[in-house]
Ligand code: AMP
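In the form predicted alone, a lone chain appears below as structure tokens.
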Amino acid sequence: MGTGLIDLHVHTTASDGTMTPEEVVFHAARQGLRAIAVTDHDTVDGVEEALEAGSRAGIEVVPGVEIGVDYPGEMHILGYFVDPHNPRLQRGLSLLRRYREERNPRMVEKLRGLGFDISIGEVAEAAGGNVIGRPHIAAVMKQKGYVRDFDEAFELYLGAGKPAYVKKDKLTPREGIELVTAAGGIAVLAHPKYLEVSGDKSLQALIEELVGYGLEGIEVFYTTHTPEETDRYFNLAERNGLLVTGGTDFHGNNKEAIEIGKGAGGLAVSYEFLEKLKRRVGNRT
């Protein structure tokens, strides 16, 4: 009870990771993790494969999702223990995929206007039939020698405000949280450090607003959170009676410095935090 390490923020080839759901699960098992959550961007397509692999690898797999919502900076809502077959969730995720499909060709056209010989077909090939995202555009740019790595692609061209960036249509924070809860899941605010919120007072007001929509937790432990930020978000969760979660944002080779369960080196999230999530789900039945 409560022992072992977990990673509740993991991506697969169903969105923009480089390992299949099965590969991610067996990789996590080899790394000695007790549990992981598969939280692909705007899709649950990898969940069933991951659950099946978990039963073979002897590791617990939490069905999850990560939904990008419209807020200054970057706001993502993690959903844990969602029913991947829930009709409302499926409709909402289909809408988000349509938004992505409309955005990607526009970004490729911007790159072509900047002199890069890149086609949307090459990007689709890099995605391997899965949901196309900016990392796949970055992969083609790296492959063709236009940038050294993914970070450079985002810093110079694909990041917010950069020359090839196109803002994606998104759900509101309320809509994202309600999608998760409608599917029986627990909604958690991902990596709060990326929010454009100044000061503890403003952050507290935002959390209170999100709790009103159904938010139940905060991702306190995260690869790029400093010790000071981790303490700040832990205290914020405690003050608001919210669950604490943590994960690496593992993407395989798309984020080479991040290892599953360890992040950039020092991350270690205890199974006890998953137990609390499971108790919350169990109390609903």
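Source: prediction; values computed, not measured. Numbering starts at 1 and follows the sequence shown.
The protein also exists as the form predicted together with this ligand; that form is not presented, and the subsequent description refers to it.
- Scanning Arg232, Arg34, His251, His27 against this ligand in the predicted complex with a 4.5 Å heavy atom cut-off leaves one residue, His251.
- Contact with this ligand in the predicted complex, defined as a heavy atom within 4.5 Å, holds for exactly one of Pro135, Gly79, Gly92, Pro192, namely Pro135.
- Among heavy atoms of Tyr146, none comes within 4.5 Å of this ligand in the predicted complex.
- Using a 4.5 Å cutoff between non-hydrogen atoms, Lys255 counts as a contact of this ligand in the predicted complex.
- Though the partner is left out of this view, Glu109 does not reach within 4.5 Å of this ligand in the predicted complex, counting heavy atoms only.
- Although the partner is absent here, His225 is not a contact residue: none of its heavy atoms lies within 4.5 angstroms of this ligand in the predicted complex.
- Partner contacts here mean any heavy atom within 4.5 Å of this ligand in the predicted complex, and among 205-213, 175-183, 98-106, 116-124 they occur only in 98-106.
- The candidate spot formed by Glu60, Lys262 and Phe273 lies out of contact with this ligand in the predicted complex, as no residue has a heavy atom within 4.5 Å of it.
- In the predicted complex, this ligand lies beyond 4.5 angstroms of every heavy atom of every residue of 188-204.
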